[in-house]
Every structure is written in C-alpha cells, then in structure tokens.
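Following this are structure 1 and structure 2, which are two forms of one protein chain, each written alone as structure tokens.
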Structure 1
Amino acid sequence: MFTDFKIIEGRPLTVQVKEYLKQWITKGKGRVDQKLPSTRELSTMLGISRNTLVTVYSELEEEGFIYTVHSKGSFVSKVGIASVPSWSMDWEKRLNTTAKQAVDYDLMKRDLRGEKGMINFASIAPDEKLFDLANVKRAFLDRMSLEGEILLNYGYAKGYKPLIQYLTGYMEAKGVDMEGKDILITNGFTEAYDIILSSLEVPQKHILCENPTHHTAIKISRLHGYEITGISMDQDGVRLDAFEQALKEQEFGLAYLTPSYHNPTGIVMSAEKRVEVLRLLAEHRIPLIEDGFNEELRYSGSHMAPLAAFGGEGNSIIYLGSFSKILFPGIRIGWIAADRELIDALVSVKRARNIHTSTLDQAVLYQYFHNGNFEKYLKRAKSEYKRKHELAHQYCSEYIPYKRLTGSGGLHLFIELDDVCNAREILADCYKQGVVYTAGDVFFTDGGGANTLRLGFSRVSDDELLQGIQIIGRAVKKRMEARQ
C-alpha cells in the first residue's frame, strides 16, 4: 500500500490520497473488511498532515468505500463488484463500411507525420507564436464577468446569439444579402460540410468540384456515398470549358467550390469566372456549397466578394465559413450561412448530433471580435504570413525545378513537378533527411496528382524554410536526373 504513490505537484493532496485509496479498493488490492492503517500511522508513513487524512477517510466513508468501527479503526467496504462471466468480441468485424472507410481515408493514420525536430511542411495550422494570448484571456475574463453562468450552462443548437449576430454583419460586409438567410454555428468547417451532406436528398449523389480540392471534403463526400467529378484549374480558377462540359454530360446533386483561396492550390477565382460559374450552375439548377476557406488571408489589394454575394436574393448557395486557419483552430468554430428554412432543419440535425457547439468557445470568440482584436490580429498575422509566403515563393523558384507553382495567399504553396517525379517517393527520400510535406495526390478527385505536393510554411522558421526547400529541391533533381 502506497508503495506506488507519487505526489503530483499543484494538485490537492486530499484528492490524490483519496483517488489512490479508491483505486486500491476498487482494483481489489484491498480485501473486503481489511483494516486500513490509522490516520496517525499513514501520516507518519506519507509525511502528510493527519488532518488531511482524516478528511480523506471521512469522505471515503461517506461515499461507501470504507466503514469505521468505533475504537477499532477503518475497514474496506464491499464495493459490490461480483464476478460475472466476462466476454469479448472482435470489434473490428463489427465496424460498418462507413467506419472502415473513415479509417482508410484518415490521412493522420495513413500519411507520414512530422516528428519532433523535423522540418514540417505538412501542417497548414496557424503559427501559434502569433496568437495574442493576452487578448484571448481578456475576452474570456470580460465575458465570464458579464454572464459566466450563462456560458457554462446549456445554450442553443443554432449557436450563441451574439456571435450569430456578429457573423450576420460579417457576411453582410462581404456583400452577402442575409435577408431570408440564417446562420448555424458548427464545430468548424468539417462538421458544417458533414451535417449538410447528412441532411440532403439529391437527385444524383454526384458532386462537382475543383480538382484538386480539400481532402476533408473528398473524404466526407465519399463517406456519404457521393461520386466526385473534379474540374482542373487555370491560374484564375476552374476551367470553364471543362466545367460546362461536365454539366452537360452528367447530372450533379451538388457543387462544391473554394473560390477565394483554394485549398490546396491557393488559386483565387477571378471575378469574371465567378459570374460565369454561377450562371452555369443556375442554368442547370445545381445548389452550391461555397467553402470560404482562408478568404481573409489573401495578400493582394482588391476586395473579392464570395460567390454567395453574387447569389442575390436566391437561396441556392450555402456558404461555409471558419476561423480555424486564421484564428484559433483549438476553438472549433465554423458556421453555415444559408436559406433560413434549410438552417432551421439543420438546427435539428445539429441538436441530434451534439446538442450545440461549446458556448464557452463561441462566447470567447465573440468577445474577442467585440473587443476589436480580430482586425488587429489579422493585420499582424497577414503581414508576417505575407513575408513568409514571399520567402517560400522565392526559395522554391531558386531551388525546386517545378512545372507550376501556385498560391497567392494563405499559409501554403502548391507545386506541380515534372511528370517523371513521384512526390511520394521524393517524400520518402526527404523524410530520411528530416523534411516532411503533404503529397498532393490526396487532394485529387481522380487518382491523379502523383507529381504534386503542398508546402505549408506557417510553422516553419526562416532558416528551416531555406534548408527544407533546398533538401526537397535536391531530392527532386536527383529524381529527374535518374529518369533521364
């Protein structure tokens, strides 16, 4: 007893001793009716005040783990675990197709992951050194003081009202007419996309999108049994001729586009193309899911309205927003802005999924916006990311012989290598030298993209940027020379 007891710093001793004794009893190490050491003995043994131990014993007695016999001492109670024939099953055989596919498509399990000390281009998460923690703390304390009780109790499935109001204005500032529309707060983009695909009945389970595209969207679409047709891209967005052709040849239930800062290519769709794409979708009456991914992180000067802003009074565009890549991914907040009746139904689906998104997170984020921190943070983050972006661009041009390099914003670049290059083979080579990136094939809807890769630069230092790109460049050249 207590030979394996280790005191954890910063945690009250009463709690630690009590938990230890509970486990000692429930795990059967202490026999029923076994006498416990007196609090005096235990006090000497552990060097803990006797008062602490008196509290522990009295609480354990109250909870039924021990009993006391006057002037005899404390004893282990029968905690009621009788022996029952235990049995095991092979859970792997009990997984359904969707669960198995979720495992198969899980990049975190399939792909090479960056280990500590490596130069990691695989991540496109924001650089945490830029986080303004002081303002997040301020926002938390401000909101807790105002309505802490409300934040910690149940909220609404649709979301935290002040945040919904803020986002409504935010969408309007992007030019979106919110009349007849509403907002549902979700746990990030992923949940938003999943909830929509879970809820819609479409004439044809076939999605039209860009090729390549966001691998999470590919994964979720497939998990919901959708076929995917991806349209290849020019420097100003999806190729219109191919887009039009696809619409003629195939019936689609939905379109999914990321016009403002496309993942993984970083391409921004031109204003002219936006109009044409919408005209074609309207002609074929295909509802559109617009992914507003990172549109706040474009570095060029001109304002570019989202497709949802062109939709006018129509209700056929569902806009998905997220602050994950710009602000704090640890706070899982995204939103769906769409037709009011559709949102009303999705609210019930959301409630059946997880009741609502954390009120605490929504409130902290809201207060952070309210305090005016977002604009300031965005300015600072943009200027740093822009600098890194230019540096990465420069190094890639110097050291990596590529066929095409895209990305006019955001936290990553996308590279198309010579056709003889297999980005996975080159990755294996780079990995040995301590460099990891994302092989681009995971973003392709048609099994293509073997010669592409995505370089996330947000969490890589300037030195690492140079060093890492040089290593990739050498590996690419080696490959090209070997093939000549």
Structure 2
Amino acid sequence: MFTDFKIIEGRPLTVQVKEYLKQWITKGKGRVDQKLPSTRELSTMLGISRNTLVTVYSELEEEGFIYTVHSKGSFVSKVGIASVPSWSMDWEKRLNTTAKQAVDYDLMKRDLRGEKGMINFASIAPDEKLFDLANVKRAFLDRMSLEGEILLNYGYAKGYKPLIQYLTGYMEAKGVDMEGKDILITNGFTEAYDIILSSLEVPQKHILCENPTHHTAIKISRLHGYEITGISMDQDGVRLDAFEQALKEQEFGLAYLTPSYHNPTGIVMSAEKRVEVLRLLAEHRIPLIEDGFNEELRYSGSHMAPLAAFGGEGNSIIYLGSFSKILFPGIRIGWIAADRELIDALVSVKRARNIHTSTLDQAVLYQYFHNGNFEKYLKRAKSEYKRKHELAHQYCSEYIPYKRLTGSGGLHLFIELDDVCNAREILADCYKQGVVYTAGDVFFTDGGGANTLRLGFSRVSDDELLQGIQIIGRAVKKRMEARQ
C-alpha cells in the first residue's frame, strides 16, 4: 500500500501527499471506513516528515475525505462516489459536420510535425531567444502594483480600456481614420476572423481572396459554410485582370486580403494595386476584411499604409491586427478595428462566447508598450530577422532549383518548384533526414500548389538554415532527375 507514491522536486510536499491520498480515496483504493495508517507509520512508509502528514490529515478531514475517531485513528469517509452501471458512447458517430471538417483541416493532426532535434522550417512563430523577458517582467510588476486586484477579476468583453486607447493611436499612426470606428480586443487573429464570419449576414456566402492564402482563414471560412474564390498573384499582389473578372462573373459577400507580407507568399501589394482593388470592391459594394499579418516586419523600402488607411472616412473595411508574429504569441492578443456600430455588435458576440480576453495579459502588454519597450524590441528583432531573411534567400538561390521565390519581409519565404516536383513527396524525403517544412498546397483555395512550399526561418540557427536548405535542395534535384 502506498508504494507508488513518487516525490516531484520543486512542488510543495504537502500538496503532493494530499493529492495522492485524495486520488487513493476517490478511485476506491481505500474502502469507506477503512482505517488509515497513523501519521507516524505513514511518514516512515513514504519517507517524509510526520509533521507533513499531520498537516495533510488535518486538511483532508476539513475537506471531508477522512474522519477521526478519538483514540482510534483516522478513517476513510464516504466521499459521494457510488458504483453505478457504466456505458460507453461512440462519440465519433455524434460529431457534426463542423467538427468533422475541423478535424480534416487540422494541420497539427494531418501534416508531418517537427520533432525535437529536427530542423523545423514549418514554424513562422517569432524566435523566443529574442523575447524581451526583463522588460516583460517589469511591465507585469508595474501593472500589478497599480491595479492588481482589478486585473485578476472579470474584465470587459470589449477589452482593457488603456490598451484600446493605445491601439487606436497605433492605427492612426498607420494612417487609418478612426473617426466613427472602434476596437475590440480578441484572442488573436483566429477568434477575430471567426467572430466576424459568425456575426455577418451577407447576400452571398462567397469570399474573394488571394490564392494562395492563410490556411486558417480558409479553414474558418469553410467551417462557416463560405465558398472561396482565390485570385492568383503577381510579384506586387493580386492579378488585377483576374480580380476584376471574378467580380464580373460571381457575386461575393466578402473579400479577405493580406496586402503586406502576405501569408504564405510574403508578397507586398503595391500602392497602385491597393487603390485599384479598393476601387473595384467599392464599385461592387463588397466589404473587405484586411489581415494586418506581419505588417511591422518590413526590412527595406518605404512604409506601406494598410488598405484601411486608403479607405479614408468609409467604414467598409474591417481591419484585423495581431502582435503574434512580432511579439509574444503566447499572450494571444489581437484586435478588430472597424465601424463603431459593428464593433458594438461584435462585443456582444464576444461576451456570449468567452466573456473577455484575459485582462491580465492585455494589461501587461499595454504596460510594456507604455514603458516604451516595444519600439526598442522591434528594432532589435527586425535587425535579426532581416539578417536571417537575407541569409535564407541567399541559400535558397544557391541550393534549391526553383521557378519562383517570394518574400519581401516577414518570417518566411515561399518557393514554387518545377511543375514536375511534388512538395509533399520531397517533404517525405527531407523528413527522413531531419528536416520539416510546410507543403504549400494547404494554402491554395482551388486544390493547386502541389509544387510549392513555405519555409519559415525565424527559429532556426544559421547552421541549421544552411544544412536544412541544402537537404531540401538535394531532395528537389533528386526528384527532378527521377522525373526526367
């Protein structure tokens, strides 16, 4: 009895023993009214101090797990778990279409995943080695000292007011006219996009976007019953002739575009195309959801204002922002900037779903900005990512035979291989050699992209970058030679 108890270092011993005895009782290992060993006996059996057991027994009795009889000892209480007939449900048969589709679209379950020790080009998360931990800790302590009791209580569905005010100024600095507009704080891009699609009634459940495009946007759109038409891209954004032709042939309820450092191609839409795209959408009265993905990770050239800035005083553009690819994705802070009346409705939808985004996370992020740390961090991060971007571009050009390589900024490059190449077959070859990347077909709206791949470089070392790209290059050449 009690031979399976193991001490975990760094955790209070009283807590460990108490949890162990609770489970021993609730799982039926201890019978009701069974006498427990004395604290002296059990301390010897477990190899711990008697004082620890005295504390544990006292707390277990207080919580109703055991009872004490004077001069006789401690006994197991009846804890309310009775034996009843059990049965099992085949939950797979009860899954609805949405759940089944979500499983089908889940890349974490479907694609090859990077294991420890592999060279992982699949991730486009920021490099945690660059995280500004000292100033994050300082921001946490600063904010907790000012309003800790408030931050640990319920917050507001709309978001933490100081952060909303900061983001309003942040959007205005990008050139966006925030008159008549407002901001809703969300748990990153995913919740923001999901809330919007679940809240809007559109004449046609058909979305117009770039092709390829963000896999998460494809997944959420289809889970909401939307059809998707993707428009192929030139080096400076969507092909305008194809964009205009699609608008003539089909009615669309929404458009979804990522004009800056597009995921997955890294392409930046030119100012001329931004103007023309907005003109066409206005002509056809189609609202736009703009994804501000990676907008801050510009390594060269002049600042390019978001489409929401080109929209002026109009309210037809819904802007989705997030710091996940720049700063601390674990905090999961995103936002929607849109028409004030729309935001008011979205706040109610947000409240009905998850009450609010963590107030503590919002407050710490706000304080980090308030303390002036963001610009310093961004400058340092951009310098490192620019260096890696240039290195990745150089190595790809040297070692991988490709038709097209795109990526003007951000944390990844997008590669189009020769038509005879299948990126998934090549991935299988690379995986055996300890290299993983994201096959590009998951980003295409029409089943294309079999010969494409996305290469994330942010979290690999310089040596891994060279070694991994060389392995990919050799695998590509091998496949090309086999097909000739």
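If you superpose the two forms and keep the largest set of C-alpha atoms that fall within 1.5 Å, you have the rigid core. Treat the numbers as computed from the prediction; the structure is a model and nothing was measured. Throughout, residue numbering runs from 1 along the sequence of structure 1.
Student: With both forms of the chain shown on their own, indicate which is the form predicted on its own.
Tutor: Here the form predicted on its own corresponds to structure 2.
Student: With both forms fitted on the core, how large is the C-alpha shift of Thr52 between structures 1 and 2 in Å?
Tutor: Looking at the C-alpha of Thr52 between structures 1 and 2, the offset is 2.8 Å.
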